[in-house]
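Given next, in structure tokens, is a single chain: the form predicted on its own.
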């Protein structure tokens, strides 16, 4: 497997009297295009036209690229639509679509807009001429069925370009992608002031933030899903915060110029350590790669660049267990489980039971609880009663029995309480085959069960991605009546956390979830469990709600309210909030999905995402204030949330109108 490559700047492919792709002559250069493996190799502009052969013989292909980026119209062909001597010039716009087959056009070629277009020029006739040429090129690319068009941004003056492109997005019958090419650092900021003969002053150090170009452009185009970023790497890299912000954007491909490559001792092209690290991070977004520029290592050949990038792909660090488990689920929105209302399926139980860390921690917690309940001098005379509420298919029962054996302590009886009748079938079979009379299986909702005796230890795994979002407080409050006064609850405490989040991808995913016959805001008024990937957390998570068990309050009230403030370190866009939790099972045994304290190797819980309806632009040093409520009724629990700084947004999910958790 290798990374996907585009070879860019075949600007002269359509120059001359080209009738087909069989032969392009000049300069004794020859490259092979191997179609059955989808590599593409084409020219650097300075080499002139090349021999290009279609060849199905793998042995004949010296390099393996996947696509080619080429101009839709010859870059030197400046049409005149408004005025000028060429206004009435006859002839074809560009070469015929018969040059390639339809399949090749829509699978092997990415179009490039002519570089001379100035759609935001202040000169009227230049702007209008550019508009007409842009429309003509986009229409022809749609006719060809090109999968994407590369559109460069050269400054923040892009309002009219955005209008023209958005017009195409609204009216086009063909669902074409637009890759907006943006440099990491603006062209102005790449210039060395001293080399340019200027003295660098404090005012010169003001950075022209190219991310603002992109944000302005995508906002004008209503953040269409068909818009994505072609990120152009520069010799100097911006700060870590700026890079992290770009990693939260829909980066589709990365443009790498040959001018960025250094030469190693053996004469081969290599990238600096900083560029290598950045490319490795971008690989995680499954980006395409576009190689562009002059061949600066002609003795090693063009293929040496491709081989080096492929080497970077092959030498990535192996994925950790969480990444391996979550493969394919990155940024995939899932509705949180409602185990009280719904009976889980066998496959869901199976996935959770594969987590070795969670059950190892539970076993350790039960082990310590048994040691505290039965001192070493009492181990031959004293026994404890242990209850597993929400036993599922029995993993916690197995943990408890293993912990007792490890601690050399006796458990008089284990009560496995489970409301799902299908899971009870598994429990009954395990009782018959493994556990015997030491375990009693109870098919009942824990809140309504009348226990024959009180328990010394109460064990449950009712935690959700936000701690309390699967109604652990309500369930355990109902079950604690059969826990002894000095009884131990595992878990004993859990806390939820919240942090502001930027992710256009998640926001667009929520936007596409609109259901027929339901208000448009419905999908934005419910939380989602999601493996956060293409996003940036904008500030450190803050504590939200904490619950303790057993709850000995005279009046048990699980409704909560919290207001939180976050300081923003750089310009960004607020698309919602990421939620996490950590839990103390017993003593110093913990579980956590909080990024800073995440339990190593644990994958049972992904974070939770609270979206906001209206993306909010944030400036550096802005304060984001959010209010979060946990509301309860006799039948339901739900969350309401509202942003009040820097912009006031409506309360999301008032009175649980879009989302509730059923009791």
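Note that the coordinates shown come from a computational prediction; the quantities given were computed from them, not determined experimentally. Residue numbers count along the first chain shown, from 1.
As for the form predicted in complex with a further copy of the same chain, it is not shown, yet the points below apply to it.
No member of the trio 456, 480 and 485 reaches a further copy of the same chain in the predicted complex with any non-hydrogen atom inside 4.5 Å. Note that among 161-169, 581-589, 300-308, 419-427, the stretch whose heavy atoms approach a further copy of the same chain to within 4.5 Å in the predicted complex is 161-169. In summary, among the residues 127, 413, 280, 154, the only one with a non-hydrogen atom within 4.5 Å of a further copy of the same chain in the predicted complex is 127. Here is the short version: of 259, 559, 512, 239, the single residue with a heavy atom within 4.5 Å of a further copy of the same chain in the predicted complex is 559. Contact check for residue 594: no non-hydrogen atom falls within 4.5 Å of a further copy of the same chain in the predicted complex. Interface membership of residue 355, defined by any non-hydrogen atom within 4.5 Å of a further copy of the same chain in the predicted complex, is ruled out. Contact between residue 610 and a further copy of the same chain in the predicted complex is not found at the 4.5 Å heavy atom cutoff. Of the heavy atoms in residue 629, some are within 4.5 Å of a further copy of the same chain in the predicted complex.
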